[in-house]
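This document opens with one chain alone, in structure tokens, the form predicted alone.
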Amino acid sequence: MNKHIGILTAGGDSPGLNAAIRAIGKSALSSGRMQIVGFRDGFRGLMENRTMRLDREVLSSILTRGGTILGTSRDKPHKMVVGAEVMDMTDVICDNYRRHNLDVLVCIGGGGTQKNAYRLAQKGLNIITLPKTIDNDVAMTDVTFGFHTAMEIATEAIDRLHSTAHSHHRIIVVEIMGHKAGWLALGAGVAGGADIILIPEIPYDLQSAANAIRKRQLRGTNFSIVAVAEGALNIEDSKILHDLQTKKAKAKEANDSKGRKKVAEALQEFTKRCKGNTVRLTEELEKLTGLESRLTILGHYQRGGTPSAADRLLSTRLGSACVGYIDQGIYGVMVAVDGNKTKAVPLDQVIGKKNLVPPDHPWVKSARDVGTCFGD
């Protein structure tokens, strides 16, 4: 009997999404035993029953395209804005799943998507996920697709900024995506030869960063490149965040709703204050070193464009492996990278975790060995 497969992409867009859709679709159609349907704009499209035909003609031209032909959104099934209200639309999504006679729903996305997919699995739906994010922070997989392309883009930006920093004797601060995980700033910083790399996992001291720039000045080098993840924090702010997270965990454990609300408000205020961190960092480095400083925020530029060969290959591997697991009836899992192989990891082992940069990671060690400062 034919198996009916639904596919959606959720969360932020990422290079390689279309390659993954293509791999799932073409592998399924080639089996002769599977039919596929795409849902537009993530979980919202599934809730609103908005579909897209995924036949060979559509799939044949999307390997090199950035973004996602299905569209995406950050809507959560259990907290979806409908009109002026926030509603739990999980039951509607389950009804539409059954209306299409789906045997499995493939959800492609990052950490948030893994959580939302797991909730649907708990409702009895057959779910398989693929790990996508430029931040490379999804747990239980060696790497996520989208990361390699974004790292190449950020590295190229640093390469180009070297010449203007050198010509004008400036400090160039490059803000790179990564709220909680510093993989992107670390990888691009090492590959681009940044003099200072600041990541969320290693709280920094501003004076230490400024001293590293002064030492370069004393050696006759009157420019520096600082690669900073958007979520990087100084030591003081890192302690504040740690204390708030500890209070949040204790309030949750004690089922203290008032305490949780108070901590949530404090975290929201803290996050709001930290939004200008890289601007303040740039200004302070100029004051402390006497060198003119400029900030470049790469932003969504890192997400766009044609996926790299590595990401196309990875997306194709994960997509084709996904269909293999469907054929075997393996559900409730994420298709993860394990060296040169793939493995099916139960979703309950993925959710609630982050793949963060270990302070003793080989990339960090290599950067320190060549004289890169981490501000610690």
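Quick caveat: nothing in here was measured; it's all calculated off a predicted structure. Quick note: we count residues from 1 along the sequence shown, nothing fancier.
Here the subject shifts to the form predicted together with a small molecule, a form of this protein not shown in this document.
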Segment that reaches the small molecule in the predicted complex - one of 273 to 281, 174 to 182, 194 to 202, 99 to 107, heavy atoms within 4.5 Å
174 to 182
Which residue, Ala117, Ala154, Ile134, Leu186, is the contact with the small molecule in the predicted complex, using a 4.5 Å heavy atom cutoff?
Ile134
Quick check on this chain: which one of Arg303, Lys76, Arg216, His148 has a heavy atom within 4.5 Å of the small molecule in the predicted complex?
Arg303
